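Before any questions on how it binds or moves, here is one chain, the form predicted on its own, in structure tokens.
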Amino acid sequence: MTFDERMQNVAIIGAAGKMGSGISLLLAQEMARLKNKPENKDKNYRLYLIDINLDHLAGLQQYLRAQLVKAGEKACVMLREMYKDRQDLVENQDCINQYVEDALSFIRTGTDLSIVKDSRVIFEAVLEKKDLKVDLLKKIDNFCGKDTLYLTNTSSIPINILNKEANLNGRIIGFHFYNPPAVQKLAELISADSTIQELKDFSMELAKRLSKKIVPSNDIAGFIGNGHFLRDGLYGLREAKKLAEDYSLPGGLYIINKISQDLLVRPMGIFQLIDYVGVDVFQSISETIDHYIQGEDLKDDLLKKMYDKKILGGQKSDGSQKDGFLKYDRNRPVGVYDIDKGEYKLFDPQGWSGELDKKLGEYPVGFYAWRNLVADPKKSDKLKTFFQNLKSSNTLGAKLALSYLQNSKEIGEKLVKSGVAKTAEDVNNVLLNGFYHLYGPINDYI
């Protein structure tokens, strides 16, 4: 079966979630392009979007319509070419409206898994829970033909485990989109030992058509992205606890979040990033990877305490940031959670947080915030100069940052040594493209 034939009937399980909604948008756009090829005019296309909540599915349809309009407005030239034989589409807006209606016309929504029975490709994007995924995959495969291909968006569960326990005979692959899928260019591709060649070929062609940069990862829990992110976050948590002996736990969290953003020149501090992903999601990643990786402690009691208190981070329906380790106002951190008191301690530049800033010391000459370097063609030279100056500094902030950088490098090198990543370049590409870092962790800056 060809790629185009398989794309005639596709289903997404968990379609209304954060990841599923983005995947739904990407596939609706690709199916609209396919349908408008001259050779496909008479073919029928179906995109089944399955979720457990009807209200969420209604919200998904609104999201898709709004995003398709935006996509069409940015691609008028492409739409003109797509609809060049349609004499009735005179204005750009006519083409945009037609594109939106074409993409939405393929979509069928529902909560009943049995409607996927004729699907040739199924994307799974449910919660990161192994038993849930296995149970769903088993049920779905009972409805579907034995040539159906499965792509799972798991970010940490080994593919061979899902394949074996769901009895899929190599018809499953890890296609880990990064959040948000419609924007992020990176995707990790994870094959099990038994993954069939047709599925590997299909996945590579899909990545090409969706303009995704593929980085291969070996089938070891956490893969490259979460393998590094989890260990990086756990290091931050442990360093914050050490600092708590002198500066209290809120103070330690504040310090580590600040230096991991500013002095590591990252888009977010580590605790802001954990909040963005979701404390509950990070906790789930921790539990999953710790279960499959032996000889390494990959859990932290502070995570569990936050989870038990329901301080979970994540995003609201409008995309704004929920409070987690940090408190937010208009998506900007304004405080840090004091777990002993069960309340947030607001930043006070003239008080406690200002005193901690003084303890960290002056930033080295050549410091630039991430946002000031991200589009700078000379950022590599500027980073090199800054890190050289950082190494010459004797401040508390510099010492903490250099230790953090060294640990991040060691994590990356271990991912290569243990066989998770094939090369240092693959590790660096994931952090550069999936996490928007300005430099990879395996570098010569330190």
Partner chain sequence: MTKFRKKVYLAAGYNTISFGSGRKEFNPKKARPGIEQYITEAGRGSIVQISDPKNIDEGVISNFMAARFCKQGNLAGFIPEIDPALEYKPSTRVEGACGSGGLALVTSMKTVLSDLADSVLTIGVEVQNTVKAIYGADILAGAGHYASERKEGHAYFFPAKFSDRAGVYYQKFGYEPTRKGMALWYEQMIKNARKNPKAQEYHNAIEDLFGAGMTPPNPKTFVENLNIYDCSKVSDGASALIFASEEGLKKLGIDKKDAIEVVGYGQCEANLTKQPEDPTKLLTTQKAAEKAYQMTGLGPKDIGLLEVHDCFTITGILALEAAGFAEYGKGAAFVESGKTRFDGEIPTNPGGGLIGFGHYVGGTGVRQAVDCIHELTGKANGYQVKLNSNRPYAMMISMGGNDKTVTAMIFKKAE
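What you are looking at is a predicted structure, and each value in this text was computed from that prediction instead of being measured. Numbering follows the first chain given and starts at 1.
Here the subject shifts to the form predicted together with the partner chain, a form of this protein not shown in this document.
- Contact with the partner chain in the model of the complex, judged as any non-hydrogen atom within 4.5 angstroms, is confined among 158-166, 212-220, 79-87, 308-316 to 79-87.
- At a distance threshold of 4.5 angstroms between non-hydrogen atoms, residue 297 is out of contact with the partner chain in the model of the complex.
- When the partner chain is considered in the model of the complex, residue 131 lies well away from it, no heavy atom lying within 4.5 Å.
- Interface residue remark: residue 111 is not counted as part of the site for the partner chain in the model of the complex, having no heavy atom within 4.5 Å.
- The closest non-hydrogen atom of residue 52 lies beyond 4.5 Å of the partner chain in the model of the complex.
- Among 194, 105, 320, 92, the residue placing a heavy atom within 4.5 Å of the partner chain in the model of the complex is 92.
- The partner is absent here, but in the model of the complex a heavy atom of 96, alone among 136, 237, 187, 96, sits within 4.5 Å of the partner chain.
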